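Given next, in C-alpha cells, is a single chain: the form predicted on its own.
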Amino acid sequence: MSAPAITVLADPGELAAQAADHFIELASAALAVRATVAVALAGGSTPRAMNALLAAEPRRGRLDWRRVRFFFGDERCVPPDHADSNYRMTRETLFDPLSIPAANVERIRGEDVPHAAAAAYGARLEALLGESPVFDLVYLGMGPDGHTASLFPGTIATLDARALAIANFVPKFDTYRITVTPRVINAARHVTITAAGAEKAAALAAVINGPRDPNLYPAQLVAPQAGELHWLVDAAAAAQLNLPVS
C-alpha cells in the first residue's frame, strides 16, 4: 500500500466540489477499461452536497451514469423511506435526479432483522462482484470519534474479519448498524474518505499520525491492499495536521 494522499480544501463547499470532481475522474478512468464501475457510497452532509453537484451540470454530463453500479458502505436499521436512511438521502439527491435505474442500485435492507440483512448484503456483494469483491471506488466519511462506515470505537475487537458485511451493535446509539467490513473496503481500487469540521480535527490527527489503535480510531483500519487511499478534508478538520490548503 502506498502512503495516503491528503488534500485540504478551504471549506465544506470546496470539499464537496473536490469530492464530486474526484468521483467523476476515478469513475471515468474505470469506465475506460471496464464495462461498468462499482461504487460504494456513504451517508452524511458531505456526500449529500457531493451528490447534488454530481446530479447537476456540468458534472452530470461528464459520465455515462447507465454504466455505474451503486452500492452502500453502511446503513442504519431503518426502512428505506425513513429520514435517517442513507439510501433515502442518496435516492433523493442522486438517483432520482439522474434517473438511475433501480437495477443499478443495490441497497442494504435496513428494515430487515440486522444479522439477516447483513448476511443478505454480503451474499449480494459476492453474487454481483465475486467471492472477493473489488469496488472501483469506496466513499467513506469519518465521525468526530474516528469511526468510519459503521465501524465504531469499541466494536472492532469482535469484528468477523472473514465477513463481507456485518450487523455491528453500536452501544452509544443502542442499536445495530449494517456495514461492510475492512475486508471489503481494503480490497477496493480507490478509497476516498471525506471529513469536514473542527469537531473532527483531533480524531483526524490521531488517525493520521498515530499511535495505531483501530479499536479507538476505526478509520485507521482503512488501508487498501493494492489500491489508493485519498483523504479529502476541509481546513477546519485539518487544523491539527499543519498542512497547506490546496
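Note that the structure is a prediction, hence the values are computed from the model and not measured. Note that residue numbering follows the sequence shown and begins at 1.
Keep in mind that the form predicted in complex with a small molecule is missing from the display, and what follows is about it.
You can rule out all but one of 96-104, 126-134, 158-166, 143-151: in the model of the complex, only 143-151 has residues with a heavy atom within 4.5 Å of the small molecule. The small molecule is not drawn, but in the model of the complex it has no heavy atom within 4.5 Å of residue 182. Using a 4.5 angstroms limit between non-hydrogen atoms, residue 46 touches the small molecule in the model of the complex. Residue contact with the small molecule in the model of the complex: residue 177 places a heavy atom within 4.5 Å of it. In the model of the complex, residue 91 stays away from the small molecule, with no heavy atom inside 4.5 Å.
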